[in-house]
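One chain follows as structure tokens, the form predicted alone.
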């Protein structure tokens, strides 16, 4: 009964006019940025951060979350129609979505994508409702030792399990920690990593870092590319979207399996929607009676990854809100936004902010219904937006970024920082260095330092305390295992290479 009462109070908050308005704004922006290749949710959330400073914190969180899960819906549209993924999780949808378009079944692929996304997200919301309060209650028994080790595990997992080189990911985590530690040390009152610049005494601005690394960097990376594409499906009728009974029978089990995989993956630090969608697709291909259908227009190859990536996004709020440990770069930005509003995610978050938590959960249901309306009847509008040349979009995006960042402190130094990190992010993209681990290090680095100091203060400087506490020791062992997984793959590849030469 408590669960129903909490959910009812959440709907009272989520159905307020301002919450409904900005939930709609969030999912609409999310669909748009998911639709346009090369932007992605993390860049869009970074750009929208300055706006949220003038909002109620609950409304701000609802809008930012809407951008995140809305982008998963939008990313599938470009994947199906153009074979161009709007963001990384949508790349798997291209494998069977675009072949369906070439067969004249684009409407079916888009409908299944939207419905699977809705069902996957709905399943993960139920998991969030049941699991987040339980995890928070358990986490209340954690001390500084456990928090340090779990955050260390989150950083290792976030850098080594993500797409790309694990070594480069770890290097970016280290850079992020170094940037996050700049400013005045709270304990000693001495400035560090400031290069004698008074403006750095307060540290690096999170919004400037995120908008530069993800917003400006993506814009620089896409300038000069021919983003004007020729649509292969200029019109998609509502009639062509309705699946047959046989097609629905093919879809419901993959959708359920994708929801389970996505919910598990989203709950673990370092995985997120990209890995969840790949895992769901691989599972369907492995369990299929005829695996040769995949890659040629199998409808299950659209349903499973779309269900998984949306479930992973919703479930990603479990470790972020209940433990204060973001699972990926997007959740790190959302966690940073909460901290800017003076709200600390962690075990006390649900107890101290029940209205915000349950209002967010209720807004997920509302936002997913809004996305069904946006993605099925209004598909023609999104198809037309795909034809807008990129060179008409990026000047307004750059202007929006600069004005938004300047408005935070009315300081041009923050704008210069955005441009600096934008150039840095551009070169990181060029040389294959992931930006998300850097952001994770920036957010978690100062928190880890604080918990490390507390743990050593309590233990009298004895480092063995980290292996004497069972939870801490388990987290450290898991971190070592996660480090060894990519090393094992690297050594095996080298052995095979030498064996064939």
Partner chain sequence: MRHAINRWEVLAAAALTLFGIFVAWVGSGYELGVSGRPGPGFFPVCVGLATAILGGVIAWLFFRAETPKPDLPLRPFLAVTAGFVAFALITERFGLIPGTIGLVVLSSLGESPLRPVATAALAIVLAVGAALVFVVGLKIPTPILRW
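It should be emphasised that the depicted structure is a prediction, and the values quoted were computed from it without experimental measurement. Numbering follows the first chain given and starts at 1.
A second form of this protein, the form predicted in complex with its partner chain, is not displayed here; the remarks below concern that form.
| task | Using a 4.5 Å heavy atom cut-off, indicate which stretch of 168-176, 304-312, 276-284, 128-136 touches its partner chain in the model of the complex. | result | Single hit among the candidates: 168-176.
Check your understanding: With its partner chain left out of view, which of 294, 400, 365, 142 would have a heavy atom within 4.5 Å of it in the model of the complex?
Key -> Exactly one residue meets the criterion: 400.
- May I ask you to choose, among 32, 452, 473, 465, the residue with a heavy atom within 4.5 Å of its partner chain in the model of the complex? Contact with its partner chain in the model of the complex is made by 452 alone.
Exercise for the section: Look up in the model of the complex whether residue 82 has a non-hydrogen atom within 4.5 angstroms of its partner chain, and give yes or no. Expected result: Judged by the heavy-atom cut-off of 4.5 Å, residue 82 is well away from its partner chain in the model of the complex.
Wondering, does residue 289 line up within 4.5 Å of its partner chain in the model of the complex on heavy atoms?
-> No, residue 289 is distant from the partner.
Give a yes/no on whether residue 104 approaches its partner chain to within 4.5 Å in the model of the complex, heavy atoms considered. Contact check for residue 104: no, nothing within 4.5 Å of its partner chain in the model of the complex.
### Message
With a cut-off of 4.5 Å between heavy atoms, is residue 348 one of the residues that contacts its partner chain in the model of the complex?
### Response
No, no contact at 4.5 Å.
Can you name the residues of 171-202 that have a non-hydrogen atom within 4.5 angstroms of its partner chain in the model of the complex?
Contacting residues: 171, 172, 174, 175, 177, 178, 181, 185, 187, 188, 190, 191, 192, 193, 195.
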